[in-house]
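What follows is one chain in structure tokens, specifically the form predicted alone.
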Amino acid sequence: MTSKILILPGDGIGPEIVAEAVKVLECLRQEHGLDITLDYGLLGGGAVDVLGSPYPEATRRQAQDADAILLGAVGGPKWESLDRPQRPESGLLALRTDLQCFANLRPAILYPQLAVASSLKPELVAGLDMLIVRELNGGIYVGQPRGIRTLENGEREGFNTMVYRESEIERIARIAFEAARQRQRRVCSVDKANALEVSELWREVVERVAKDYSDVALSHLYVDNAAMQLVRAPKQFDVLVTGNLFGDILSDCAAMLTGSIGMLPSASMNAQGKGLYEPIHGSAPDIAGKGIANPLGTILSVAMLLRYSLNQPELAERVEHAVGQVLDQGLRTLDITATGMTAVGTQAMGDAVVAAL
């Protein structure tokens, strides 16, 4: 059966890196029998410019009809002065919520060829292979009430609400435990239960879910300690599960362990297996249009799309192996280059991966 993939290039470097990922999809279609159709849509700042909304109704219909979605990045200084509902990031949040993509899977895998590019000593990160499972539909980013108000004395006050229901905690915990069963059978839950009631409930529910997974070891860390441990001894982690805010911060920290934030893919999944796939970096407007952005995180997001939404694990492994081959050849974009390596641009890196495929 033909699978429908919606392509959302987005803003900044998004169109550049997505173009290279589409080359990979086209290669798989033409050379390896992948049965797909590609549709293109608008999301983020570009959608505001053309259609007046960061998440237009036309894009919503396309997203609902697709089997999987590949996204570049959204946002940039051009749209920062807009009211919050009109900003590009609001479009991305609306898309995730609309599709009920509650589970964000962010692998942090260090390719051995990039050990010297990590911010940490090679011996601390060599062999790193961890998965951060971030709850994506709840927490302080979407909790109500929120806003900025003026107090009686004339001073302004900003406020946000961190809230999690038991059902939201339970379903993300089960995702983490199921993932751990396919890995090293260890889950570390990250919270701030010593200061936040919402984290008290989080820990209680995670421990209750753990009783259904006696074959998986569960541990807990406060988020501040977890951040320290990520840079002290990152290889201690297998699967790390946490809420929306903490997961956002910790996964970006983990990205630098792998050499560059440009290397890391992500998947945002709903209960039916439909996923939104994107590199975890932003739109990088400072380098947009220069042809130097690293497309490997987006290409590896294609591998996740193949594995999780299209049930094509062999093709996913082909893509991952091709990326490894290119790194073995010494090809590097500027963010991961080192002495003795060959610095290439965005298109050349994409072409090299396609050639390896």
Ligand code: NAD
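In case it trips you up, residue 1 is the first one in the sequence shown, and so on. What you are looking at is a predicted structure, and each value in this text was computed from that prediction instead of being measured.
What follows is about the form predicted together with the ligand, which we do not show.
Heavy atoms within 4.5 Å of the ligand in the predicted complex belong, among the stretches 195 to 203, 67 to 75, 212 to 220, 145 to 153, to residues of 67 to 75. Remark: all three candidate residues (Gly262, Glu278 and Ala284) come within 4.5 Å of the ligand in the predicted complex, counting heavy atoms only. At a distance threshold of 4.5 angstroms between non-hydrogen atoms, Val319 is out of contact with the ligand in the predicted complex. At the 4.5 Å threshold, heavy atoms of Lys274 stay clear of the ligand in the predicted complex, well away from it. The closest heavy atom approach of Arg171 to the ligand in the predicted complex falls outside 4.5 Å. The closest non-hydrogen atom of Arg186 lies beyond 4.5 Å of the ligand in the predicted complex.
Checked against the ligand in the predicted complex, the candidates Ala226, Leu92, Met269, Leu110 yield a single residue with a heavy atom inside 4.5 Å, and that residue is Leu92.
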